[in-house]
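First, one chain by itself in structure tokens, the form predicted alone.
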Amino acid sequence: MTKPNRVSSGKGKTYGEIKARASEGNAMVMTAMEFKKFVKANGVKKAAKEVDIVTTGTFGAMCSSGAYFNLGHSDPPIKIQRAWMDGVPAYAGIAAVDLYLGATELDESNNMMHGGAHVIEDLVRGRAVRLKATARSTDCYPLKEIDTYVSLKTMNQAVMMNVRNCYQNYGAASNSSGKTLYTYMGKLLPELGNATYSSAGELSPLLNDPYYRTIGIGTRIFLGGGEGFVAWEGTQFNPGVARTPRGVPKRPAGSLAVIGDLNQMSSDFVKGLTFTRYGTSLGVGMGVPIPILDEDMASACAVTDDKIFTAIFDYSQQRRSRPVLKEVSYAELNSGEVSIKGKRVPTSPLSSQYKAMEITKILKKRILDGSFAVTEPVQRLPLDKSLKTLDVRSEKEAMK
């Protein structure tokens, strides 16, 4: 894994120079939308020289999300083995009173309409949730069960820990079969009746930094309304996909594992979601500041929706590699319809462009007023990862 890029002041700007300007109140900060307009009017060279930081943002369903909690010890103490938060199972195999609640875990009694994502939103809203837990009695943890209420105010720690967020591009979905499909991409109507997609496109963080030059481990981010950090590469990290000449991936590529204090967050940017006949997910708002170190970074941040492409996959094919119906730009998807096999197909986003733009503006304001500090990654994300698959294999085959 290579070290973060360091650009000398003769060729561009260093992190130190940019941070010094920000701390003095002299930094030029633009939202992603403002920056793209500036480049169009003035060119990349001028933009690289005059602009210090570009704020990016995204808001959408991020299934691989959740939160861990330390509940504090009861009297007498309990070593929790099974736990439910408002009827949703939480994982207890960490320590006596540590739990992890996954966003897609479903309420055992409510049939797909209520899950961990909704419990997390309720906690962020300041509500108390019912905790039920059972355990085996031991000499040091004699209590066998507990039924109580907990809130963020009663816990020692409540931390959002998401293992795959902020996907760098994502495939769109349609359905060529004769029946309606209910998926994590929403309701897909039969015979190419619609197409759905989920990305903020030109506002999205990793599409503005396609080779992860400034977004890496240790990057401070806007997370759920508060602050968080990039903790690691996200699961299913797959940077080796086909890219445009500008380096923008044309298929799902990088992703981020992120962490942040749930106490800082807002229900404006943490939302429990339900997908009909599929299950639950968590709507998460994320924003990342991108330092404009040099002309290459300025050129990357100048990318627009007409230069970002993805594939529309046929979800009627129930196999790992779904066939591609068409490759389209985000400008086409955002237009409201695309043509697939000669048919005009309406399109609809699952992510919120409005929320993404709001995040870029909030992040810009925080940087300018000094309440948000831009950080240099302590380690870059890898460029040489590739996806492995889960197949039926013998023990010997699994060891190869």
Partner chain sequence: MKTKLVLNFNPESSNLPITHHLIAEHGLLVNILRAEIDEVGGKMVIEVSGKADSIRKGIDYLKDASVGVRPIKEGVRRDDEACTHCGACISICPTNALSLDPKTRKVLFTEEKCVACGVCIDACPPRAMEILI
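Residue numbers count along the first chain shown, from 1. Only a predicted model underlies this, so the values are computations on that prediction, with no experimental measurement involved.
Note that the form predicted in complex with the partner chain isn't included here; everything after this is about it.
- In the predicted bound form, at least one heavy atom of K355 sits within 4.5 Å of a heavy atom of the partner chain.
- Residue contact check for T375: none of its heavy atoms lie within 4.5 Å of the partner chain in the predicted bound form.
- Proximity of K271 to the partner chain in the predicted bound form falls within the 4.5 Å heavy atom cutoff.
- For the chain shown alone, L350 is a contact residue for the partner chain in the predicted bound form, at least one non-hydrogen atom being within 4.5 angstroms.
- Segments offered: 80-88, 191-199, 296-304, 256-264. Contacting the partner chain in the predicted bound form at heavy atom distances within 4.5 Å is 191-199.
- Only one of K326, R220, R164, K187 lies close to the partner chain in the predicted bound form, with a heavy atom inside 4.5 Å, and it is K187.
- The contact residue chosen from K144, R130, H73, R125 relative to the partner chain in the predicted bound form is R125, the criterion being a non-hydrogen atom within 4.5 angstroms.
- The candidate spot formed by Y211, F309 and S386 lies out of contact with the partner chain in the predicted bound form, as no residue has a heavy atom within 4.5 Å of it.
- Along 372-400, no residue reaches a heavy atom to within 4.5 Å of the partner chain in the predicted bound form.
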